[in-house]
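Shown here is one chain on its own, the form predicted on its own, set out as structure tokens.
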């Protein structure tokens, strides 16, 4: 059998699977590194000793063009020519979209397989272009292409919901989240969330749990970056509780953002969690311990040491808020050492800060710190500027941290 005949046979298989609406097998063989693809290409090479048949054939239908460009993409991929592989994959994907417009739900899985390969190849193509100092824009182009598939799913008008393409919406939305965030296109993420909210989709809880967990993680991440901490916490807690217990990497990613939210609320990570997730312990363990011990000097030193990583994760600002808890704990220590007096002088606090290694803090700064503690409710009482003292309440002058933070929501 010649190489051309083998390719024609493969194209016929693609057509047969399409006609039979065989979603699972179609999605499997359409992957760029599938076993079937490898076998076909090996047969073509063994028959001809070259790729002439592959390069000279032309597709006459959407499915035949899809098949042909798929095999070309795989050849380029195996040879490490990622820019060319991406271009072929994009052509194959665009041919698929032409056929997808007439498909129902069965076409969703092949679509997802093609989108993931397009994403992979776009990343590798851009890396290859960057290394040769050429403009790298394949990821942006792939994002626009994948967004076409997303729109075709979300706006499907199939009246029978059980065979609607709508069921692919959240999976593609999650892939687009990854693409948008990689390009720092946060406005596009929020626009997509709004579009989904106003669309006529089944409720999120009817979709596969994997889609729910990933979508709520990304939505929570965006809420976190917008400092909407209550909304971020709801989505992140859901994602953590429903994420597969063995998905260690995903659970760690969720905890990287959820932990500082909990710390702001006064719930420091427990030792059991820190033992199970060393990256969380490495990043937040020392900060949590320093905050609860009121060790401001240590807290500031860790913040400085971890600044770059915290900024890259987008959690630096959130962790800065935890410093208030460290200040509250230090003031509580000074209050205890001072014999739980109801009148805490600014000078005594100043001395306590100096002993804690914070240097010579001015009386004005001390007064400002105490005013802040009173305003947020960490201290019950009032300040007497004239006498240079904080007059503390006789009943619970230092209310429990969690109750103060819960009341401030």
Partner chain sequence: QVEYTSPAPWHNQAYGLPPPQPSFATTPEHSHLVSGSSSTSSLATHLKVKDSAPIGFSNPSNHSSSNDHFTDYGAASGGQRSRSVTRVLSKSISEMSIEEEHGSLAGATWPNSRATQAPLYSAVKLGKIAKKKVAPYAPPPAGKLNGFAKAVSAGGEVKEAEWPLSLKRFVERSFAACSAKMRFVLEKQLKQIIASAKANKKLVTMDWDNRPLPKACNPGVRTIKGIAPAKPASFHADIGELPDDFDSDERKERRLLRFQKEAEAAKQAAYVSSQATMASVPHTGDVLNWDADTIVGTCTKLEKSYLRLTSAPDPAVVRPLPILRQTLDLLKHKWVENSNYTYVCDQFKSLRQDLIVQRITNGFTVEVYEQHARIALETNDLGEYNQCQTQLKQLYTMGLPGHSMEFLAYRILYFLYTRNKSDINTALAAMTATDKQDPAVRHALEVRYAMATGNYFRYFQLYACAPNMGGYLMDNFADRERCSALLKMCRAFRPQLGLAYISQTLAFDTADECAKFLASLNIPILCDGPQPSVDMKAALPYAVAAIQNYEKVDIKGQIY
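Residue numbers count along the first chain shown, from 1. This is a predicted model, so every value here is computed, not measured.
Although not depicted, the form predicted in complex with the partner chain is the subject of the following passage.
Undergrad: Give a yes/no on whether residue 311 approaches the partner chain to within 4.5 Å in the predicted bound form, heavy atoms considered.
TA: Yes, residue 311 lies within 4.5 Å of the partner chain in the predicted bound form.
Undergrad: Quick check on residue 141: any heavy atom within 4.5 Å of the partner chain in the predicted bound form?
TA: The answer is no: residue 141 has no heavy atom within 4.5 Å of the partner chain.
Undergrad: Just checking whether residue 394 would be counted as a contact of the partner chain in the predicted bound form - the rule being heavy atoms within 4.5 angstroms.
TA: Residue 394: no, not in contact with the partner chain in the predicted bound form.
Undergrad: Closest heavy atom of residue 159 to the partner chain in the predicted bound form, within 4.5 Å or not?
TA: Although the partner chain is absent here, residue 159 would touch it in the predicted bound form, with heavy atoms inside 4.5 Å.
Undergrad: Though the partner chain is not shown, can you say which of 217, 277, 335, 82 has a heavy atom within 4.5 Å of it in the predicted bound form?
TA: Flagged contact: 82.
Undergrad: Heavy atom within 4.5 Å of the partner chain in the predicted bound form: which of 292, 262, 196, 163 fits that? Just give me the one.
TA: Comparing distances to the partner chain in the predicted bound form, the residue within 4.5 Å is 163.
Undergrad: Looking at 250-258, 233-241, 317-325, 284-292, which one sits within 4.5 Å of the partner chain in the predicted bound form if you count heavy atoms only?
TA: Among the listed stretches, the partner-contacting one is 317-325.
Undergrad: Just give me the residues of 119-134, first to last, that have a heavy atom within 4.5 Å of the partner chain in the predicted bound form.
TA: The stretch touches the partner through 120, 124, 127, 128, 131.
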